[in-house]
Each structure stands twice: as C-alpha cells, then as structure tokens.
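There is one chain below, alone, in structure tokens, taken in the form predicted on its own.
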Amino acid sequence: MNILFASSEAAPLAKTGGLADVCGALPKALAQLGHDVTLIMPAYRSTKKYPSEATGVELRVWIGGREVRGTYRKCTVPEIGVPIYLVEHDSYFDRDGLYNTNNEDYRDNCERFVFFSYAVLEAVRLLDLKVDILHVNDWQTGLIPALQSIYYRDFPGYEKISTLFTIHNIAYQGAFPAAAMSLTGLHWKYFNWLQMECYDHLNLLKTGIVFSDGITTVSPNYVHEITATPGGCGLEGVLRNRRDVLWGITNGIDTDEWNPESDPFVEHHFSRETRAEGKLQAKLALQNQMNLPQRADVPVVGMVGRLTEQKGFDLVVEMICQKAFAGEDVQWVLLGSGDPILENRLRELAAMHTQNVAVSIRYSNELAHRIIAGSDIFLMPSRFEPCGLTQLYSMRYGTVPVVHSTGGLVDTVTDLTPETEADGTATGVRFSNADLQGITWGVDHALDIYRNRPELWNQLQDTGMSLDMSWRQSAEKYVELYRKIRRNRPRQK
C-alpha cells in the first residue's frame, strides 16, 4: 500500500512529547513491512539542522480570504527511514517552539495548521504522490479528513484515498473561537453540533473524528476511557457514535534506540543473562552522575516526564517529602521540566535531602536512558495516560515499573497478583487510586519485593525483558486496519 503519514511532529526532527516518538517510528515499521510510506510535517526551525533539498514546488492556498504561499523541501533522516516532505512557511513555522513559547500558545495556531492541512492534501497532486491511506494524527491534522471528504475526494487522484485519524491524547482538542471557521475554507453549514462545532467553538479534534474513515487511539483500554465520562473530555458522545470504526492499537517502541545491549548512553551494556552485573554498573554510574552516594544496596526509584499534575508529579513530591523526612533508605532520581511550582518544589527537596534526592530540571534524552537503565524501579503515577512509552522502555532494561491503572498502562504492565505470580506473567506493580495513599502503596509494595523477595524480583525483571515491544506487531495491526477501511465504501458527507 501507499501510505502518506501526516503529523505535526516526528522524532528526531521535532518533538514535544510521545506523538513525535510514534510518528518517527511507525512509518519506519510500516516501510519495513514492504509498504511505500511518506511522511509530511511542518518545516520547523528544529528541522533545519537536518539535510534537505528544495523541490522547487510551490503551493498556494486561500486562508481566511487571502492567498498564502509555501514550498516543500525533501528530507531523509536515517532514524525515520522513509522519504520526508517538510512544508515550508517561515512565518508560520520558523519559531522558538512548535505550538507555544513560554507556556503561551501561539495566537495563530488555528491558521498555522489549517495551512498545513491544505499543504498535506495539495502535496498529493503537486508532488504526484500515490496515496491509498492518508494517516493523520491529533488535532493539528484534524481538518484533513474533512477537506478530503468534502472537497478533495472528487478530484482525480483523491477519489480512492481513505483517511485514518489517530488520537494520541484527547485532552488536546484544538478548540478555537467560532470565527476561526472562516479560516478553514469550508461552508458554515458544517459548523454544527454533529460535525465541527463543540460548545460554540471550532473543534479540530472533533472534526477529525467525525469525517475520517477510521479512528484509532494508542491503546485498547484508552478506547474504553474516552468513550465514557470524564475520559472523553466532552467528546465521549461523538466517539460512541463512531464506535464501529474506532480501534485501540498499543504503541510499540524503537528497539534499536532502546536496547540495553547496545545503548550508546550506557557504558556497561547488558542482556537478560548479564542483567545483574550490567544494572549494578548502570546504577553506580547514575548515582555518581547525580551526586548521590554510590551504594549497591539502596533501591533507586527513577522518574522521567513532564512536570505536570497529569503525570502525577505533585503526588510524587508529597510522597518523597514524607519518606525523606522519615529517613527511609531510598534514592530518588527525577528528570523533567514543566510546571514552575513543581520544578521549585523538587529543587527544594533535592537541596534538603542531598543523600537521597537528585533532580535535573530539563529535557535530556541521554540522561533519560541512564535513569531508565540505572534505576531499580520506574515510577509512572499518571492520572491519565493514553499509552505511555517510558514504562515500556523501563521493562526493556529490567527496571520494574510501578504505575497507576489507567489507559495504556493497564494494557502494557501486567500487575503482580497471586495468579500472575504463579504463572510468571507479571511485569510490574499497578495501583488503583491516583492519590497519595495509592502511589505510596504501589511504591511500598515494590520496595518490599525488592528487599525481601529477590527471586520474585528477578522474575519480574526477566519477564519484562522477554516481551516483544517492537513496532512490528503494532504496524501489522495498522496494516490490517488500513485494509479494512479500504474495503469499506467511503462515506459521503
């Protein structure tokens, strides 16, 4: 099949979160299955450090009653492994951030991604792309299924294109004042509660849900959550209405990048067979780097992520406060940035408890690898988590995850119960309540096993490291779904 993959970000070209990881890895996995895949994304400032060449092709679209011009550049990045087209328009995309600066959204975000949506569809004709499946992702591309269904489908070369819309996080919906409807170029008759309007706003995520031929999200359990209140964030009714074409496919990980046997950021490589010595060396190196006492006997709990309440960092701060003041013999290593209040609270904790708490307020891929490799326990107490990737990374490195039972964390971490202990399928510890009591129970349960039941601990590590977490399985499910939606007659609007 010929697949055009459209995303507002893709690692390593541009990244703010898990969306980029998925959109940088899935196209590669699809290509490895023998399909022709092309990726298209905006030419952000961060993309300019990668080699690219001008196509000489100019696009012209009308946005809000004025002509806007752009161009396409072609780029190849080994990590992605498929042809990439970058939509170039410097006044829209050559900025400090992808969507915001200093935590303030760009005021023209709707206009920027309306332009990108037209650029994706215009690329089919201007670049002579053969497309069977147009796979679009999140609200930034939500207008594309509507444009394809309402306007482009009658054009030669577009009539057989099927659209698949993937929701990576329903909390981000691309909602804009009603007046923004004029930017889309579509008739105002589509601005109604059944299609593009939601609570008197233009909602681009809802638009993608309504007009696409198929919808996916990033884990089966997340499907159940977003089709009910409050998980659907106001769109649960729209999703239930389209439940017959809504599927959950769990994300994979890039097993080339996240491989303890060859990780360039980890000095002492290890496998399942050499895990004990390898993780010990990784732990000692992490303690040294983070200025913690180098002790083999102390359990190290790691955490990497955005410093937000959604990720549960407020609960983590409260729990560490209690444990540190009680003198509990645990080391905590945390990496991330985000909420300034949480950043300051973590800095204060680290300053007060230098023997037990180490914090790095930044984003560092290198340090993330070292924390995941060198920790004994990886903590992920997200209040909601569509899929999550770091729990998969941790299991691959023999670091036992402790997670809140939500979203994709339920699908990917097999909870330790008497049954899963007996049959050897458990990979971690899950706790039910996203509160201080819940997270404390989860961490204490894991610490008890680490300290007192070494055989069970080794079993958890071994089972996690044995899992196939590659993108291949997920890619095969996407291919099956592509074929399914192509067999269905395109819906007429």
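Only a predicted model underlies this, so the values are computations on that prediction, with no experimental measurement involved. For every residue, the number given is its place in the sequence shown, counted from 1.
Beyond the structure shown, there is the form predicted in complex with a small molecule, which is absent from this document and is the topic of what follows.
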Residue contact check: residue 12 to the small molecule in the predicted complex, 4.5 Å heavy atom: no
Should residue 22 be classed as touching the small molecule in the predicted complex when contacts are defined as heavy atoms within 4.5 Å? yes
Please check if residue 398 has a heavy atom lying within 4.5 Å of any heavy atom of the small molecule in the predicted complex. no
Would residue 324 count as touching the small molecule in the predicted complex under a 4.5 Å heavy atom rule? no
The small molecule in the predicted complex has a heavy atom of only one listed residue within 4.5 Å, and of 117, 184, 212, 169 that residue is 169
Of 374, 381, 386, 248, the only residue with a heavy atom within 4.5 Å of the small molecule in the predicted complex is 386
Which single stretch, out of 260-268, 200-208, 225-233, 306-314, brings residue heavy atoms within 4.5 Å of the small molecule in the predicted complex? 306-314
